[in-house]
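Only one chain is included here, represented as structure tokens and corresponding to the form predicted on its own.
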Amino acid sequence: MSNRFTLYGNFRSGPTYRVGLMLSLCGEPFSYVHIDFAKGEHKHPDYLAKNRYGQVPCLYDGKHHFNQSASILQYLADATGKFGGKTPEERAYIREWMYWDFDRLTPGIFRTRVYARGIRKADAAVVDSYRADGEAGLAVLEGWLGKHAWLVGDGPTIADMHVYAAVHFAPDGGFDLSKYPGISAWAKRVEALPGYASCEAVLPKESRP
């Protein structure tokens, strides 16, 4: 019996990890297609037919291809009935956190990580600017998680998965999470959820049936 979902992505991609983590937490086994950026596979016509943006991740459910990690998480929450929020208000707050993350937290962390790993080069002032953005985002997140167990409501939601994927990669960029006890405690709660797996465990370095 074939898997319900196929995930197209790259093992270095934080947005791909968001989706892989959601599938793992939902107990949904998935086929995986590795997209090799170095070979330009994300720009091949056959892949662009699936993902018009030439990015990862892309999720296929047997009928449709879905793109952009926040949108995919919302789709999976609806499709599985898990982690999507209990009320219209909670769902609005979930979107609010994901939009904020995309705008204010993820860019500073992910871009600093890219420079720290030597994948891209930039002047020190540029790197310092992104690092400052990441620290500012972490400070806002700490202000909330220092007082709340989860981002929305009384349990984990796709907002937590979206934001966790950014925090998970923060040490790679040189961010010291020990300065943020609320975030660190919350991350441990995420990691204690049934089905949790690290990026390395969720995303292989090659395609997997």
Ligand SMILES: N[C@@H](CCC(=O)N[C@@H](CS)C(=O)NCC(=O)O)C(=O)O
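For every residue, the number given is its place in the sequence shown, counted from 1. These numbers come from a predicted model, not from an experiment.
Same protein, other form: the form predicted in complex with this ligand, not shown, and the subject of what follows.
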According to a 4.5 angstroms non-hydrogen atom cut-off, is V56 in contact with this ligand in the predicted bound form? yes
In the predicted bound form, is there a heavy atom of this ligand that lies within 4.5 Å of any heavy atom of H44, even though the partner is absent here? no
Given that the partner is absent here, does S13 sit within 4.5 Å of this ligand in the predicted bound form, heavy atoms only? yes
Is there a heavy atom of W150 lying 4.5 Å or less from a heavy atom of this ligand in the predicted bound form? no
Of the candidate stretches 169-177, 153-161, 35-43, 136-144, the one with residues having heavy atoms within 4.5 Å of this ligand in the predicted bound form is 35-43
Contacts from 79-103 to this ligand in the predicted bound form (any heavy atom within 4.5 Å), listed N to C, are F102
